[in-house]
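Below sits a lone chain in structure tokens, taken as the form predicted on its own.
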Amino acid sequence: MEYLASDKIAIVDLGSGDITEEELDEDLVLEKIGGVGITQSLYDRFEGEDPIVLGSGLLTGSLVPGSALSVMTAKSPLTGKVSHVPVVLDAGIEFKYSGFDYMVIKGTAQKPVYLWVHDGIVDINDADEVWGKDVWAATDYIREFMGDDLIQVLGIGKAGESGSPLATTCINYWQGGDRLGFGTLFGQKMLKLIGLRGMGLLEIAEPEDFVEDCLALVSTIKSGPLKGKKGIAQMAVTLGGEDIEDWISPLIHRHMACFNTPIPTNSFVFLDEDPALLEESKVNEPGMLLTDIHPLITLKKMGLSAKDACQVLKECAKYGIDAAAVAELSEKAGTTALEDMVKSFPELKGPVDSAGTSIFSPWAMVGNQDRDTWERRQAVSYILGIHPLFALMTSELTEAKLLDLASLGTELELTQETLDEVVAEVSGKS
């Protein structure tokens, strides 16, 4: 396939150490479109080998607003379902630019390893130097070892290494959208992390029309109902969640968007420094990035101060344990002290309601949203590569418009009928 793709699928066998490549078949794209449509297809093909499949959408890494999403597909140890979690911030597009559209990870390594995915190459490397390190230290090590601070890291901490059922995959230093225990799967495969770095470019079939339509769409979104909205607290309000803005705002240092997402949905808080500081902080770890609304809401309800709640989330990120699960189980146990929550990490186990019942991570679910509408929107986002939380907030990103842009970018005839069939298939409703 010539446009909006690298045309390569990597098959990585951790058990044998073999790495093979396949060409991305244009007929597969015409049938499954992309993203979760193809990761699900690849999972089904390798199901007997308990794979983890990483893939990007057709629009991932393009100029389409919100095109930040790649996706991981695997069988969740928490729900028992083949499920999908988002890969956002800059990690989703870094995978797309790395020279692969999809990667199947199968088998179990005999000793800890990590994957280094870059410039159309996948390497399996010994993880002796990073196994046992927390998420932050492992990320620092890989970037220093490779000499590149722009490397994006999908990795686990001590929770995943020890087999905790609540282990999560983190993106660099921060919690991602994995609420389904994929960090446990990394640990079971002896896979510490995946380092991603891409220098690739995407060819566009009709570049002038594509760019013009994308810029017009960005302008419409920025002048619409979301004009002026920014940060995780306002996102909670926008989506019907509890108003936590007054509670968290004294700690907010800045807001940050995922790749090409016009509305910054993440907020960086300073915990050990003045949030109003404009010059570079002298503190080594002054704060953390808030990427998940749900644990904040729960911890606030439990009576924690905003600073203590954020400290809990910081420790969760380092340990590589799902913060939403920690908040839920701590609330049930009546554990409200920061130190006691952190001490409980090694013993925590489910079941947890925060994992949800959908095949899509509930990370992007806030408020009393209609379940069918939410699942439809998630499916479309995961197929085409659109940030799933941003897609929920943005009515301008219609299915028809996204299909038009995908067709402009690829010269393929992608129809609503095909999209409906793929949505039904991945949702188990075909």
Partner chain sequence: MDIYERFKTLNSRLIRGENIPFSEGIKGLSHPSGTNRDKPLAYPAIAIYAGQGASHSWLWFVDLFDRMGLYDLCFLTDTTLKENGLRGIDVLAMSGGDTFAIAEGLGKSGAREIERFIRSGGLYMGSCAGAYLPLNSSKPFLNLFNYVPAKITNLTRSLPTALRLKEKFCTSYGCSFIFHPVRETVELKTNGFAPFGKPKTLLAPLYGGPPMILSDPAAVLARYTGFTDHTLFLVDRKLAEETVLGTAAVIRKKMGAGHFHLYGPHFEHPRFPTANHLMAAAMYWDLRRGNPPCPRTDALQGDAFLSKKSAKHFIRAVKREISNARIVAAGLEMQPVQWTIGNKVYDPGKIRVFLEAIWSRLGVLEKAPRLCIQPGQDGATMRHTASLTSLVRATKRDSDQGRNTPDLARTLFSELSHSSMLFLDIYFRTQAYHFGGIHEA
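Every value quoted in this text rests on a predicted model; they were computed, and no experiment measured them. Positions refer to the first chain, counted from 1.
The form predicted in complex with the partner chain exists for this protein as well; it is not shown, and the discussion that follows is about that form.
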_Does any part of E339 reach within 4.5 Å of the partner chain in the model of the complex? Heavy atoms only, please._
no
*Contact between K189 and the partner chain in the model of the complex at 4.5 Å, heavy atoms?*
no
*Is D274 close to the partner chain in the model of the complex, meaning a heavy atom pair under 4.5 Å apart or at it?*
no
*With a 4.5 Å heavy atom cut-off, would you call V122 a contact of the partner chain in the model of the complex?*
yes
*Taking 4.5 Å between heavy atoms as the contact cutoff, choose which of P250, G334, P351, G147 touches the partner chain in the model of the complex.*
G147
*So which of R197, K106, H294, K133 gets a non-hydrogen atom within 4.5 Å of the partner chain in the model of the complex?*
R197
_Interface segment, criterion being heavy atoms within 4.5 Å of the partner chain in the model of the complex, picked from 112 to 120, 159 to 167, 324 to 332, 69 to 77_ = 112 to 120
